[in-house]
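Single chain ahead, written as structure tokens, the form predicted alone.
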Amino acid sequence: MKTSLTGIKPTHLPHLGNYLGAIRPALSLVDQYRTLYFIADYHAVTTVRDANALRGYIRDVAATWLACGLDPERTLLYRQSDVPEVFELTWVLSCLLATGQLERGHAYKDALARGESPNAGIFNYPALMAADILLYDTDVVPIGKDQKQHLELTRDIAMRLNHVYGEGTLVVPEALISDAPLVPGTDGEKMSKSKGNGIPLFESPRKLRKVIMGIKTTSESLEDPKTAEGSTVYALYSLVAPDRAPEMKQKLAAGGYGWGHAKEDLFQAIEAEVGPKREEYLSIRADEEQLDAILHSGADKARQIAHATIQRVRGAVGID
């Protein structure tokens, strides 16, 4: 069975966009691939400066994925930092990368465009990301269309190392282009923590309802017909309750059904989807000792794969 790997950056509390756009699609791969999911805590250090917040985010993310259906008996869930071999491979890959390749990295270029002075971690981010993937003999990496650059660099450096030191030293991964949806936030733009437009995943029903009622809509009167297409409320409802979306579309077009009604229906649909998961999340998150034990167990298994890869690389480059 081929191996699929997904990285999760712990920089905020998960929101509905994370669930619909990343978690739910990624967990659907379990029956087709040997799946690995890692919490990219060292990647988070490039931006998160609060140690206690990072510790919390790591456990928040782990508990979220477990509550949403990740089975640690069928897949590996581990912290990036629990597998130190990733840094050894990062160094070897860095010695084969041109600085020009790193200068073209999205995060680095975006930081420069904003007038910032990016740290070296952001500059070297693609090298660590490549090591994250190549360390585990990954065959496929689920990515969105906007993430192709990172995987192309990973493929390039794997092929270069194989060319210089011997074919088969590293597995060259393929992209698994995800059809995961673009999830709109409360303002209609892509849901993002940095934009402040997220819908919390596991907040109380009262807070969840308040956020949903704050979604921006047009200002037609109750009696007027309304256009579903292009509205944030309808777009989210289509993702959460696709079977019932045509009914909402018809109600909006007929008139006598206001955006307040649509928002209430959206709230009920989201609550039906995430309510049971919220209870599971709160239970898992409260038992930090058990949560850490799951992550350590996953790391032990991941290190077995990582150790074999590093031994091959060491032998190939002459450091055995």
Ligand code: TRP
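One-based numbering along the sequence shown. It should be emphasised that the depicted structure is a prediction, and the values quoted were computed from it without experimental measurement.
Although not depicted, the form predicted together with the ligand is the subject of the following passage.
In the predicted complex, at least one heavy atom of His43 sits within 4.5 Å of the ligand. When contacts are judged by a 4.5 Å heavy atom cut-off, His12 does not count as touching the ligand in the predicted complex. Using a 4.5 angstroms limit between non-hydrogen atoms, Leu176 is distant from the ligand in the predicted complex. Mapping the unseen interface onto this chain, Phe38 counts among the residues with a heavy atom inside 4.5 Å of the ligand in the predicted complex.
Comparing 67-75, 91-99, 121-129, 210-218 against the ligand in the predicted complex, the single stretch with non-hydrogen atoms within 4.5 angstroms of it is 121-129.
Gln147 is the sole member of Ser192, Ser81, Gln147, Thr227 with a non-hydrogen atom within 4.5 Å of the ligand in the predicted complex. With the partner omitted here, the residue from Val141, Leu170, Leu236, Ile157 that has a non-hydrogen atom within 4.5 angstroms of the ligand in the predicted complex is Val141. Taking the ligand as positioned in the predicted complex, the residues of 1-38 that bring a heavy atom within 4.5 Å of it are, in sequence order, Leu5, Thr6, Gly7, Lys9, Phe38.
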